[in-house]
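Single chain ahead, by itself, as structure tokens, in the form predicted on its own.
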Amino acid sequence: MHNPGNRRPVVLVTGAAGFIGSHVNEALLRAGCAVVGVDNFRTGRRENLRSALEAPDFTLREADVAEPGVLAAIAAEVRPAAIVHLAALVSVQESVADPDLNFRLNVQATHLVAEAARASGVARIVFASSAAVYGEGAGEPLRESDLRTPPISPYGAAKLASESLLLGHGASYGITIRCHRFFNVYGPRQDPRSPYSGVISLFAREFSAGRPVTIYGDGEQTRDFVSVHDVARAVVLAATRPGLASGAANICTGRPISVNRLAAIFGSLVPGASAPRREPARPGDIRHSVGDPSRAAADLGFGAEWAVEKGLGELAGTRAA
């Protein structure tokens, strides 16, 4: 570590060069933590780390956490107070096309994180889970207990299996486990070229290029869009708040926004924006998805602070700059 004499708590972040990971690094540094970021750059981007690399309390390790022994060696060296596990195969489509890769990068990698924590006496693990753990026909809004139906993709199944694996380790070895079920995360640095890009990053790209966005179906389908700034803050709370018990929590706003509303807000922010292009509804698209944020409020004292209008304004300004 840089500044080996400091007494700042060390947090190890896997997937540190990713969209969410890069914001988590910066939030942890602002909170007074020293951060060891780990990434193999399979999907992470070095330019995402530009700000963190300027901080004396950030160290980057280029490594693959899905390789046995790799993370255990790093954890044994730096002795983190907490591990934030964000590294994953994040594409639902890729998990369907290559379920073996999905298992290795999601379930096996999570097992190796748990074992690294156990061996090095790490007190806490914060895990990036997903709203994909909820199957079809779950409640509205989605609550953490709404697991009556199974996930509909290998990705969602891997996230749910990883939650169980971590919670079992936590109960057996005295590790606090916080599983964050992220809803539709958006914000700066989200790559619209990624197969898992959300509609907001795609809209931002099209609007900034002067092209019409595409809306499928009637556009009244809704999602719970949560800013990456709020997500990073929730992760910091889970990694650093004293006295937390293990558990899972939705990280969401609890406020559904329709695709038509998104297009209208973006259109008002971008001069000369083209009218949306309409296409038939896509088979299999979920009609409505919104989370119940009350568990995160009770456990973490967390509530989303970024309204979607503010977040879209930030993106429109970023794209125009």
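Computed from a predicted model, the values in this text were never measured in an experiment. Sequential numbering from 1, following the sequence displayed.
Just so it is clear, the following notes concern the form predicted together with a small molecule, a form of the same protein that is not shown.
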S130, heavy atom within 4.5 angstroms of the small molecule in the predicted complex: yes
Distance check, P293 to the small molecule in the predicted complex, heavy atom within 4.5 Å: no
Contact label in the predicted complex: D64 to the small molecule, heavy atom within 4.5 Å: yes
Partner contact for F19 in the predicted complex: the small molecule, 4.5 angstroms, heavy atom: yes
In the predicted complex, segment of 50-58, 253-261, 37-45, 273-281 with a heavy atom within 4.5 Å of the small molecule: 37-45
Heavy atom within 4.5 Å of the small molecule in the predicted complex - the one residue of I83, V235, A158, L86 that qualifies: L86
Contact assignment for the small molecule in the predicted complex, among N184, S208, T222, S120, heavy atom within 4.5 Å: N184
